[in-house]
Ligand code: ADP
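The chain below stands alone and is given as C-alpha cells, in the form predicted alone.
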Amino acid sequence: MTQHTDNDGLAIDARHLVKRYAEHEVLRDVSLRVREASVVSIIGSSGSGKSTLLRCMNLLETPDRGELTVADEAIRFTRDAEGANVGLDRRQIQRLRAQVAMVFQQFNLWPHLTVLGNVIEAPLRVRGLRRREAVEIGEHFLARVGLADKRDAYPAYLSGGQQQRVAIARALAMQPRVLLFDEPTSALDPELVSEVLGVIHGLADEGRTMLLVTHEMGFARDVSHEVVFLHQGVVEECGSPREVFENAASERCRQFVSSVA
C-alpha cells in the first residue's frame, strides 16, 4: 500500500518497526526520524539491532510490521498468516531505494571494474544515464573524495581507506536524498580510519542527510545532530550528542558510553 504524504522537513520517518528472524525479535517497535540536512548516528553494543535497523531503511531487510516513509514514498508493512509481506511490490522498492544509497562495512566494490567503472555502474544501469553524463558525475565525485587520480585503477590496488572512499563516491553518484553508512570504518586499519571519517565529516558540513551506524563515539559526538542508542532492539535513548553522551536518562546508555569512552 503506497501513500504520498507531506512530511515537512523529514527525509526518513520510520514508525513502530518490528523485525523478526524466526522467534528472535531483532527490532521491537522502533521509531526513528531523520530530518533533511541532518546527521543521525545509531550507537549501541554488538547485537543490539543497529545494522538491521539501517538495512530496513532501504529494504535490504523487510520489516514485519510498521511504516516507513523516505521522501514521498510511504510503505506500510504487514504480514499474512503464512508470514508473507502484504502489499509490497517491486516498483515501491525501486522508488524507495532510488532515494537512498548505502555504504557498507566491506566496500563491496566489483573487482573486475576500474574505480570509475564502479562509480558509474549504477547511474548507467539504474538511473539510465548516458555514459558521458555518468562519467562526468563519476569524475566529479571521485575528485570530491580525493581519488581523481585513481579513476583507472582496480580495487585490488587500493588501500582499504581508498576503497571505502570509492564506495562513498559510488553512493554519491546516485545523487540520493539520504546516505546510509553501516560501520564505514570497522574494516579499516586504524591508520586509515581518519581519511574516511574526514570525507564523511565534509559531507556533513555540506548539509548531506546521513544516517550512520558507528562505533566511533568521538566522531558521532562531533558530527551528529542527533544520536540514537539502541539496546536489544529498542531505542533506549535519543537526543542531541550532549544529551546522550553526558546526560542520558538510560542507565544502560550511560554504561555503554562510559565503556567505550
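Keep in mind that this is a model prediction, so the values were computed, not measured. A residue's number is simply how far along the shown sequence it sits, counting from 1.
Form predicted in complex with this ligand: not shown, discussed below.
In the model of the complex, Gly218 stays away from this ligand, with no heavy atom inside 4.5 Å. Contact between Arg242 and this ligand in the model of the complex is not found at the 4.5 Å heavy atom cutoff. Remark: Thr62 does not count among the residues lining this ligand in the model of the complex, judged by a heavy atom distance of 4.5 Å or less. Put simply, Asn58 is far from this ligand in the model of the complex: not one heavy atom of it is within 4.5 Å. Screening 198-206, 24-32, 65-73, 221-229 for residues having heavy atoms within 4.5 Å of this ligand in the model of the complex returns a single hit, 24-32. Annotation for 148-169: no interface residues with this ligand in the model of the complex [heavy atom within 4.5 Å].
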